[in-house]
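Quick setup: one chain, the form predicted alone, written in structure tokens, and binding and motion questions come after.
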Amino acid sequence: MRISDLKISKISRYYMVLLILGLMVFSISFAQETNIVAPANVRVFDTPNDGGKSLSVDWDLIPADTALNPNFIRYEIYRSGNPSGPFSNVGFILKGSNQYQDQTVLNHKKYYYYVQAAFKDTTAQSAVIGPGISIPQWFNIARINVLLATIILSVLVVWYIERAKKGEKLFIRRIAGIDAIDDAVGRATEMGRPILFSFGLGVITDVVTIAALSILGKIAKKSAEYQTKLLVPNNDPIVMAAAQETVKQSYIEAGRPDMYNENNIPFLTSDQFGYAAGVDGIMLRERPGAVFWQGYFYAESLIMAETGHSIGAIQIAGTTAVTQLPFFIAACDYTLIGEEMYAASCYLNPDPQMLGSLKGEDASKAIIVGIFTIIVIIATAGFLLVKPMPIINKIFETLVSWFTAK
């Protein structure tokens, strides 16, 4: 082979590669041009399970709607109150999505829409569809699960309240921290030391603070009976006023109104660690024999509980602050965990309404736990069976979707 033939052969291969690349670019461009079509099967309908003032629009994705096609940009939605226009742009949806919710409409009014596919250099408009009319729904069908749960809870609560009114003895699990109140107050009395009670940093709107007021009433009544000094330093002035009234009423019920001294229920400061320092100072000076931490606490919980432990006081804590429970459990003798705080009021004063509500809630929780157990068993059975049974998976998916519906 001659040298000139070899050069010609190399040049031919070079041009062949260029020709193939050119054909590829042309085919891609041609495919993109031919995919310029308008969205099809456009629908407009009232958004289900809402309060009105909303219409939903959906359509089929166009062939050009792919991640590798840079020519197609987005879908644009146009609306008008008349099928002949004029239409105005009310929003857009990026590629890959085919649903739009128009929340700027009026109820009971007709609206017409079309969807426009926007490309780099051109657009493709769908046919005008409509009318769509927004109507508010009376019920959210997707939340039937909440309605059913509410009905079950209400029936159980009313049933247990009626049983309690008839004098039936309803079982309540004993709470060690509440049972220890008498022992703690008695121990402080025997030692000749006062009692200290703290609400933490809770405010009067916190449910846990209201529950703590019931516990304070029990402690105040016992301290009046035993003639033991009760100290209640406060972080919030409104909580302080409520605490003063609670203690005063308890002293009156115990027949010792002369023991009440509002100076023993002072306001310290609303600063977090300033309050912690003030309470620690009171404990180191007064050296209480019993300390009660009942309410909502933050990072100051361990500081105050450690001080109480260092002076040898018996400590009973109770809070719904999950992050502070470990510190109270470690530093205190007894701890009311979470909902035990709310059950304490019923435990101390078993009124029929409170007792029935507590038992009804517990029964509802037992039903929910039972349903969850059944769901877990069904899911496990569907996974472990050698021969798959679609009906089991279908039941599992139905139950899960029913509980998680929003």
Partner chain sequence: MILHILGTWIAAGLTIAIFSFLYKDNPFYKFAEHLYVGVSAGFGVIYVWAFDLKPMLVDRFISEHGVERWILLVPAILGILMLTRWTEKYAYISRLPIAFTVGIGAGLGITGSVQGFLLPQMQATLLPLTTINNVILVIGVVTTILYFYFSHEFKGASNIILRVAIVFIMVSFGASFGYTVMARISLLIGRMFFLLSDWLHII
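If you superpose the two forms and keep the largest set of C-alpha atoms that fall within 1.5 Å, you have the rigid core. Fair warning: this is a prediction, and the values are worked out from it, not measured in the lab. Residue numbers count along the first chain shown, from 1.
Just so it is clear, the following notes concern the form predicted in complex with the partner chain, a form of the same protein that is not shown.
Screening 204, 191, 180, 135 for any heavy atom within 4.5 Å of the partner chain in the model of the complex leaves a single hit, 204. For the options 307, 116, 250, 214, the one in contact with the partner chain in the model of the complex, meaning a heavy atom within 4.5 Å, is 307. Residue contact with the partner chain in the model of the complex: residue 45 places no heavy atom within 4.5 Å of it. In the model of the complex, no heavy atom of residue 37 sits within 4.5 Å of the partner chain. The partner chain in the model of the complex comes within 4.5 Å of a heavy atom belonging to residue 284. When the partner chain is considered in the model of the complex, residue 369 lines it closely, a heavy atom lying within 4.5 Å. Exactly one of the stretches 192-200, 171-179, 91-99, 74-82 approaches the partner chain in the model of the complex with heavy atoms within 4.5 Å, and it is 171-179. Within 4.5 angstroms of the partner chain in the model of the complex, the stretch 52-68 places a non-hydrogen atom from 53 alone. Once you line up the core between the shown form and the other one, the Cα of residue 361 ends up 2 Å or more from where it was. After superposing the rigid core, the Cα of residue 160 is displaced by 2 Å or more between the shown form and the other one. The Cα shift for residue 145 between the shown form and the other one, taken after rigid core superposition, is 2 angstroms or larger.
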